[in-house]
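Let's start with one chain on its own, the form predicted alone, as structure tokens.
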Amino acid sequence: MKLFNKNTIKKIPSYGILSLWVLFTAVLIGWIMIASLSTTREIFTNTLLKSGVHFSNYTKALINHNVGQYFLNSLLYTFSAGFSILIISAPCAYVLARFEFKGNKLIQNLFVGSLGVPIIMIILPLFALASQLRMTNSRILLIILYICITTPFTVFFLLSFFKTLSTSFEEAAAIDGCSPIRTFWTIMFPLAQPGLITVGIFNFIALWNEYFIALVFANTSEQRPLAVGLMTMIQSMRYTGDWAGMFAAVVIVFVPTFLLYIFLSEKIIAGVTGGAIKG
């Protein structure tokens, strides 16, 4: 009996490269986590954890460097914008996927075309408009911008997902006298759960790590999210030299997205591969 067939042997180089990449990433992340529990002196002398574990780095990062405020701001922006994006994009994608009407293809093409517009190209007109409306330095403005900028991708993703769902559910609902709106919210929306979770996680990661828009529109520390706050901390390192606190802040930024992917990785893969196979 052969231990390896031809297909397995062909995949060995790919598995080898992936294994090396995973090992490289794990070593980097592990070093950062250990450094976040060491002192700054131990980091520069390569004697990590020599004086023990220092959880006080996290306390200093959360309180002294205002990371706690940045963390709460990121939570507010990410969850409020992410939830609103799904509520707006799902019905839009469903209508475009299921109903034929004049202008349907044009709207789909506009959504796809908007994905190619770089943020830096529209940031100045948006800032001028926000200044005229006196909406700068506002959390509401940031949430609105995140919703508007992320909605085209979400609609594009869900559009292909709704096309993979069978029409028999809607036909059965129509026979029972269910209206199209009720059919969507009670039948089709729950059926799209794998796609919604997948795109929701993609949006969460993008919004959680978003930097450029927040840098322009959130000018005060009370409104900055984690990404901008972390950059502020790095700049302040020139004067304070608290590198251990900075690594603790990096871990605080990294952990939520890491845990989210660990616990929901199966649903992400199911959502992506399901659309790819049937689409």
Partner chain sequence: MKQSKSMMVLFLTPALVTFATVFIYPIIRTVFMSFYYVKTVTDSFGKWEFVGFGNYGKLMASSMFIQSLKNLGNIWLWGGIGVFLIAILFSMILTSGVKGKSFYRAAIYLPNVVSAIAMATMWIQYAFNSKYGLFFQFFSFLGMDNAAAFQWTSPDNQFYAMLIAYSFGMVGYYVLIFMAGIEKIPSDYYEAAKLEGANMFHQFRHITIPLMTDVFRTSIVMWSISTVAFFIWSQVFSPLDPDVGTIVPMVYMYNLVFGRNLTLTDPTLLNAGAGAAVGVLMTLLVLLTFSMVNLVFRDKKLEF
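Residue numbers count along the first chain shown, from 1. Worth saying up front: this structure is predicted, and the values here are computed from it rather than measured.
Keep in mind the form predicted together with the partner chain is missing from the figure; the text below concerns it.
- Taking 71, 77, 184, 157 one by one, only a single residue has any non-hydrogen atom within 4.5 Å of the partner chain in the model of the complex, and it is 184.
- Put simply, of 197, 135, 165, 122 only one has a heavy atom within 4.5 Å of the partner chain in the model of the complex, and it is 122.
- Candidate site formed by 34, 83 and 220: none of these residues places a non-hydrogen atom within 4.5 angstroms of the partner chain in the model of the complex.
- Although the partner is absent here, residue 22 lies within 4.5 Å of the partner chain in the model of the complex, judged by heavy atoms.
- The shortest heavy atom separation between residue 258 and the partner chain in the model of the complex is within 4.5 Å.
- Within 4.5 Å of some heavy atom of the partner chain in the model of the complex lies at least one heavy atom of residue 243.
- The shortest heavy atom separation between residue 9 and the partner chain in the model of the complex exceeds 4.5 Å.
- Scanning 106 to 127 for heavy atoms within 4.5 Å of the partner chain in the model of the complex gives 107, 110, 111, 114, 115, 116, 117, 118, 119, 120, 121, 122, 123, 124, 125, 126, 127 in sequence order.
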